[in-house]
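What follows is a single chain, given as structure tokens, in the form predicted alone.
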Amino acid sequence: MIYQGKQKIWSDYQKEIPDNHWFYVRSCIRQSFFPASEYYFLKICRDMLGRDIFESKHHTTCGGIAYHADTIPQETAMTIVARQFALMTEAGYKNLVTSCITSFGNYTEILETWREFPELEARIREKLWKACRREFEKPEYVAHASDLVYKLREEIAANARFKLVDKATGEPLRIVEHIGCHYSKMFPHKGVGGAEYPCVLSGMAEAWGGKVIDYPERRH
């Protein structure tokens, strides 16, 4: 019974991540601090593994940092995100993958808010139409880039030149990881493993030959 209960809890934290056809939005912060990370995300997923990942030259920042810093109101951030959804709709995509962990939290919060308050969604649709004459469909799935890499981790392992092992001893490299709070804490059911059992990064490390080391602050 205890084992079955644990299996049920674990199943509640899993995500059915779509395998292909993504509309990609970059990060204003990540591409500034770690530009190679976005380059290699696309190189691995699109060029090496042949996934359809579309990027519009017209997309902008999501406004998430300004919203969380309380410098723009929520409805302004919502209208910015609604425009991103419109670009996705116009391009013919239904799955949205974001490079930024704050964007992931922002998109998720907005969609959850609209679900609870449909009258607010209607108001944002009106604002978007007045601003730029655009309409949108909400994405069927929103993922962080980590989700997609996690989904493809075994394919990546099969194509990898090197494993996460000590070349001198053959022993797995000892890996520590930490999950961004906007990924796992705002809406735990949206992250792989949730806030209590986060495994999106540890799953990658283990698939690529490493050994994940637990530590007290891992879930903080």
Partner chain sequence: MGKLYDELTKDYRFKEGLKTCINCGTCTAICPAAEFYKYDPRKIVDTVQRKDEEGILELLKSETIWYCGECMSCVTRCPRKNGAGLVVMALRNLSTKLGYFTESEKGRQLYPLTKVLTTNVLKLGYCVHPSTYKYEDHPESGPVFEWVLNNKEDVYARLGANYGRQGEGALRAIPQEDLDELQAIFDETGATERINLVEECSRKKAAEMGMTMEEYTKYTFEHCSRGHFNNEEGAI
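Numbering follows the first chain given and starts at 1. Note that the coordinates shown come from a computational prediction; the quantities given were computed from them, not determined experimentally.
Here the subject shifts to the form predicted together with its partner chain, a form of this protein not shown in this document.
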is_contact(N95, its partner chain) in the predicted complex, heavy atom dist at most 4.5 Å: no
Any non-hydrogen atom of G63 within 4.5 angstroms of its partner chain in the predicted complex: yes
R161, heavy atom within 4.5 angstroms of its partner chain in the predicted complex: no
Heavy atom of I80 within 4.5 Å of its partner chain in the predicted complex: yes
Contact assignment for its partner chain in the predicted complex, among I44, I179, M186, L152, heavy atom within 4.5 Å: M186
Sequence-ordered list of residues in 65 to 93 near its partner chain in the predicted complex, where near means a heavy atom within 4.5 Å: I65, A66, Y67, H68, A69, D70, T71, I72, P73, Q74, E75, T76, T79, I80, R83
